[in-house]
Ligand code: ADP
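What follows is one chain in structure tokens, specifically the form predicted on its own.
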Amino acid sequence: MKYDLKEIFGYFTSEGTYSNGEPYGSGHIHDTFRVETCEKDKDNYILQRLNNNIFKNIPELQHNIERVTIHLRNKLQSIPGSNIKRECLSLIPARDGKSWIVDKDGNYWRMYIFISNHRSYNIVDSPDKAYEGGKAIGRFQAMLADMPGEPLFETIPFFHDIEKRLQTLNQKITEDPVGRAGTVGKEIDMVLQRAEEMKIILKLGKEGKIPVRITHNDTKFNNILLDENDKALCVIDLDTVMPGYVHYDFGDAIRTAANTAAEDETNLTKVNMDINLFKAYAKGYLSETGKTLNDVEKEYLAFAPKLITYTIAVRFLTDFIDGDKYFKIHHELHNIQRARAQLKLVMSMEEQYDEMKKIIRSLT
């Protein structure tokens, strides 16, 4: 769909004059555009049309992001040498003072300052990058550990709740709305064989052994910006920042940072977890969170990548059976292709699990 980006840009209190706007990034959920301004000394911007089919309550979503970014900015102000515009997302207020607008067609939009001279990666090719990614997420969690006030809103209820995800999968298998369930029996069996083991983090939470914290909940590696020297810079895509367990963030980051292939790789022989990247990421992460996490949280960090990779596989498989209603797809088999790649990655993690536990113990 064609949007009048210049008109929408005008609803926000930007400092520059609109020059042009182009689609930007590879996100699955929102429509994202990079807006360039005419003035060389003014910021460029990221303009996003928000998907309110997935995020049902945009005011709550934006309220979370406002609280988190204000807290992070306050923290950064007390650190000498910080560059707040580059190390934290900056929401641009609309002319009515809110952090979002609704256009004449009922679409929700928000705008951020574009962080220039950054690098982001879909595939991590060195331990140094993995280490910096670990530092970025660890620092993000540690800085939010003392954020005051009421808990954040759940922007997507039960987002990483594997019990709920499995219930939904079983419901869709029974309903089989587009006649696909019979074609993916092997994948369904692989999921169900592991179902009980994957509930351990929820169990530990219910028993009070691990605390609910503020977590990002979507820490795929391309949500971590590195600077021009590949040093940790900024964590982006704050839509799913809400209450959660630290294992969700650590697990999802390893799922992407230590994967030797793309999330939707068709050649499954290429899909493996690189143990050296796992170690480097864990080292960076624990360098920032070592004093924040309790012993049980640390003990189960090695389990976290299995859980989240499995959870994402369940979500891709469910969406495929349901007729591709959630994730953007580029062809009819895209979601099952993604699910197969994630299940192969789970198996690679299972093969290396003992070594993963040894690494975490050596770092704590």
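Keep in mind the model is a prediction, meaning the values are calculated, not measured. One-based numbering along the sequence shown.
Beyond what is shown, the protein has a form predicted together with the named molecule; the following relates to that form.
Colleague: Counting only heavy atoms and a 4.5 Å cut-off, does the named molecule in the predicted complex sit next to every one of R194, M347 and Y353?
Modeller: Negative, none of the three is within 4.5 Å.
Colleague: Just one of I329, I336, V68, I46 has a heavy atom within 4.5 Å of the named molecule in the predicted complex. Which one?
Modeller: Result of the distance check: I46.
Colleague: Of the residues D239, E87, E132, D274, which one places a heavy atom within 4.5 Å of the named molecule in the predicted complex?
Modeller: Selected residue: D239.
Colleague: Can any non-hydrogen atom of I29 be found within 4.5 angstroms of the named molecule in the predicted complex?
Modeller: Yes, I29 is a contact residue.
Colleague: Is there a heavy atom of V184 no more than 4.5 Å from a heavy atom of the named molecule in the predicted complex?
Modeller: Although the named molecule is absent here, V184 would stay clear of it in the predicted complex, with no heavy atoms inside 4.5 Å.
Colleague: Is it the case that Y245, even though its partner is missing from this view, gets within 4.5 Å of the named molecule in the predicted complex, heavy atoms only?
Modeller: Y245: no, not in contact with the named molecule in the predicted complex.
Colleague: Should F114 be counted as a contact of the named molecule in the predicted complex, where contact means heavy atoms within 4.5 Å?
Modeller: Although the named molecule is absent here, F114 would touch it in the predicted complex, with heavy atoms inside 4.5 Å.
Colleague: Can you check 215-223, 70-78, 198-206, 135-143 and let me know which stretch has heavy atoms within 4.5 Å of the named molecule in the predicted complex?
Modeller: So the stretch in question is 215-223.
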